[in-house]
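Below you will find one chain, with nothing else, as structure tokens; this is the form predicted on its own, and questions on how it binds or moves follow later.
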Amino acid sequence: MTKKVVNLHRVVIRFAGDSGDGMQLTGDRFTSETAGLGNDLSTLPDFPAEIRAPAGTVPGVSAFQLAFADHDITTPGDVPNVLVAMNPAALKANIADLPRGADLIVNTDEFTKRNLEKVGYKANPLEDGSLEPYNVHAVALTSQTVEALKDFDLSKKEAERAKNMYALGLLSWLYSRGAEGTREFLKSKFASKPEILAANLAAFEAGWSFGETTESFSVQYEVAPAPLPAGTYRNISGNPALAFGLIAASKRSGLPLFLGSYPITPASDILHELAKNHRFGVLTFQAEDEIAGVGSAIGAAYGGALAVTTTSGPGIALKSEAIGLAVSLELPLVVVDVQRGGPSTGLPTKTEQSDLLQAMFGRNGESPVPIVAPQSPSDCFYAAMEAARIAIEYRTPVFLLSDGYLANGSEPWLVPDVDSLPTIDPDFATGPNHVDEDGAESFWPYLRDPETLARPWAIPGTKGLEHRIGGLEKADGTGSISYDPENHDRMVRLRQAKVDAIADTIPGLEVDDPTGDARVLVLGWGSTYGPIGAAVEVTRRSGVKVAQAHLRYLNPFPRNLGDVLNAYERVLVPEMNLGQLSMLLRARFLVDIQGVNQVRGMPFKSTELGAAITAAVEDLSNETE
């Protein structure tokens, strides 16, 4: 059957079903095929917070949203154009986000009386008229999958598990996605299970054929490739990108990479990815707890490795004393915090930006630590390299603040030429660095570089460079234990000055202000980059003048930040917390920051940020009048 083909500029699809329905796999495969076609894209996986939430309930719904386009995009979209609902719970959990006129593909087989009652539907929404605002496509996905697999030696339950591949085949046809990549993926995944492989391939082909032949879908859609710079691309999510950035930093510094970590959502994938890459000189240690993880990393740093520990907010709380030790020892250490909803266990599979103040101040005593925050999934690669550079060159622990949205979201990544990446010089101490009064040469472990204020990094076992380490205060220069009040004051100030000096090697804050006369600045950090950029673009198209800037370095701030803030009459700071960066900016620069805050466990929507920007501009105009 020949069907009309409609060209679209952008599509947002959300797959939703029970946590056992394979929605993450379905979304991932659709994303991979989309990336292969050259579309720009952004994804947002949404996992249940409970490991085994009751089947068929709203808390057990797993979703995957993907936006893809023929132009540059930065977010997975606010609302879906298409919702695939595999059961009543998926419909109940997501229908409020679906705009009028959107396509709704529903698996009718799951809309039984029991399943409807389980989520509080008194009547079947497919029959009571409540779904009239949408283009409803009622498809018996489960039974059609079972029928397609009737000739296979599978139980009914085993056949039903392939319904996600049936749905993937249907959507792949509907949006003109490729099929070969999915076929190759299935062949690899089920190579040792030929019957399961054949069944999944058959289910995928059946879904594709259903789209081609059914009258339920009279139109097929195409989205042209986006104009991207030439090069080799791959689809990547934040955690693997961060792992690759650490490996690249290891290679560009000539240091072995050591990860001491305890598994925790949503940071565990970094451990998993690095564990696959021993061939690059990576050593991973899955510790028995968070404290052992950071302790082993400090030991590796002392031994001359690029040392890393990964965790989320609860783990940072446990590691805090050891991080303070690393501050005192002045050893390179990258501390990765993939932030999630809190406090306590909080929302372990949801995103938040609420660990900024914890990273800044969550240790006893004066213990300053640099903080770097990536802005997108692919930027996690470069942020990891930069965190490693700072740690190595300044001999200090460095916080790398990612979050659940970046960790699990994905986008196309232009794979860099390794030789184009900056080198990092460990500059190990090789001999004595001090001449005593009697003319004898000796090694002073706390004799500082005049520019960076970093102390020497001496590999244990190097002849003549023996020195004492530990958490007790050190004497300036010699590194001997010191209880002298004046020395302690001097060492505290030196450690702070060392962190402050990092500002000399980071770029100034860049401001995007096309007209040059905007009165309102929107300033973000971390994963708010995408939603802020989309919101600013929309408001500018409507005639609103607004400037935008994004902070990568949160400690120390760029040297020109104060001048930038004072150049605008109003500064909006969107954050997925209750105003932590706003607090720091007010205290440091005495600027009246206007926070835009939410802690829902989900990224900002560009529409809500656009409304806040427009309101701020209008409010400022009314004040002037």
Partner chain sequence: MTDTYPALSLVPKSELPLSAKDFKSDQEVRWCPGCGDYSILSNVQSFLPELGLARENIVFISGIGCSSRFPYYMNTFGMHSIHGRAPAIATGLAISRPDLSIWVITGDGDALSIGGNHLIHALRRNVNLKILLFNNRIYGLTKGQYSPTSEQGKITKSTPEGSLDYAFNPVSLALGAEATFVARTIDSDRKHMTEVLRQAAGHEGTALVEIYQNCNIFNDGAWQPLKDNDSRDDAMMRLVHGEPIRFGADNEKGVTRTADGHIKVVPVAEVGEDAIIRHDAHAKDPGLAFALSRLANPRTLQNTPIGVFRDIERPSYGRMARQQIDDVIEKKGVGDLQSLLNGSDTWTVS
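These numbers were taken from a predicted model, which means no experiment stands behind them. Residue numbers count along the first chain shown, from 1.
Beyond what is shown, the protein has a form predicted together with the partner chain; the following relates to that form.
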I need to confirm a contact call. Of Pro558, Pro48, Gly36, Gly595, which residue comes within 4.5 Å of the partner chain in the model of the complex, counting heavy atoms only?
Gly36
Among the candidates Arg100, Lys157, Arg114, Lys463, the residue which, in the model of the complex, approaches the partner chain to within 4.5 Å (heavy atoms):
Lys463
Under a 4.5 Å heavy atom criterion, is Phe258 part of the interface with the partner chain in the model of the complex?
yes
Is Phe285 a contact residue for the partner chain in the model of the complex, using a 4.5 Å heavy atom cut-off?
yes
Does the partner chain get within 4.5 angstroms of any non-hydrogen atom of Pro229 in the model of the complex?
yes
In the model of the complex, does Leu149 come within 4.5 Å of the partner chain, counting heavy atoms only?
no
Listed range touching the partner chain, judged in the model of the complex by heavy atoms within 4.5 Å, from 366 to 374, 198 to 206, 480 to 488, 548 to 556:
480 to 488
For the heavy atom contacts within 4.5 Å of the partner chain in the model of the complex, list the residues of 225 to 262 involved, in sequence order.
Leu228, Pro229, Ala230, Gly231, Thr232, Tyr233, Arg234, Asn235, Phe244, Ile247, Ala248, Lys251, Phe258
